[in-house]
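To begin, one chain is listed below as structure tokens, in the form predicted alone.
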Amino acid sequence: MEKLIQILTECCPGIDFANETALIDDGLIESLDIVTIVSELMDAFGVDITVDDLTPENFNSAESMWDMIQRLK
């Protein structure tokens, strides 16, 4: 999870990924941010994130992204 927070902070500095739970709902990250994040997560964790995985539920918080990564491994 620490590695995930580090990656997210590098992609989108200034966002408190450790505590935010509505990243998409509150407009803190946008579609271009998600493209960058998805690319970084696939490289860092060796998972394939498909179009079906690109839902707000999977990207609203670092915890939801972590859960998705664990499911995809």
Partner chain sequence: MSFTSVTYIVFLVALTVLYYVIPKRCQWMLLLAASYVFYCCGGVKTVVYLLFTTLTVYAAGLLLGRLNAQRRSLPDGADKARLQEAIKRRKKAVVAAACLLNFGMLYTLKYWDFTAQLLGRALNRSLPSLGLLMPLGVSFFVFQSIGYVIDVYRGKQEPQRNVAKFALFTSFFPQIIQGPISRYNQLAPQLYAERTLDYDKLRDGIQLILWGFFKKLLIAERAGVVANTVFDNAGQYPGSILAAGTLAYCIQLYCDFSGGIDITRGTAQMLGIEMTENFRRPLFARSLTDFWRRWHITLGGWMRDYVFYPLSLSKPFARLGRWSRGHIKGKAGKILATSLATFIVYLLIGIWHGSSLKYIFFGFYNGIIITVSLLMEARFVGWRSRLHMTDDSRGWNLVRIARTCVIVFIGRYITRAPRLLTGLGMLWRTVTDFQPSALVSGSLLGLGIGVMDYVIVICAVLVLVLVEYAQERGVHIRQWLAERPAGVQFIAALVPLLLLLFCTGGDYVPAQFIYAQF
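Numbering follows the first chain given and starts at 1. Please read all numbers here as calculations on a predicted model, not as lab measurements.
Missing here is the form predicted in complex with the partner chain; even so, the following discussion is about that form.
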property	result
Full three-residue contact with the partner chain in the predicted complex, heavy atom 4.5 Å, for Ile34, Val38 and Leu54	yes
Non-hydrogen atom contact Ile49 with the partner chain in the predicted complex at 4.5 angstroms	yes
4.5 Å heavy atom contact, Asp43 and the partner chain in the predicted complex	yes
Any non-hydrogen atom of Asp26 within 4.5 angstroms of the partner chain in the predicted complex	no
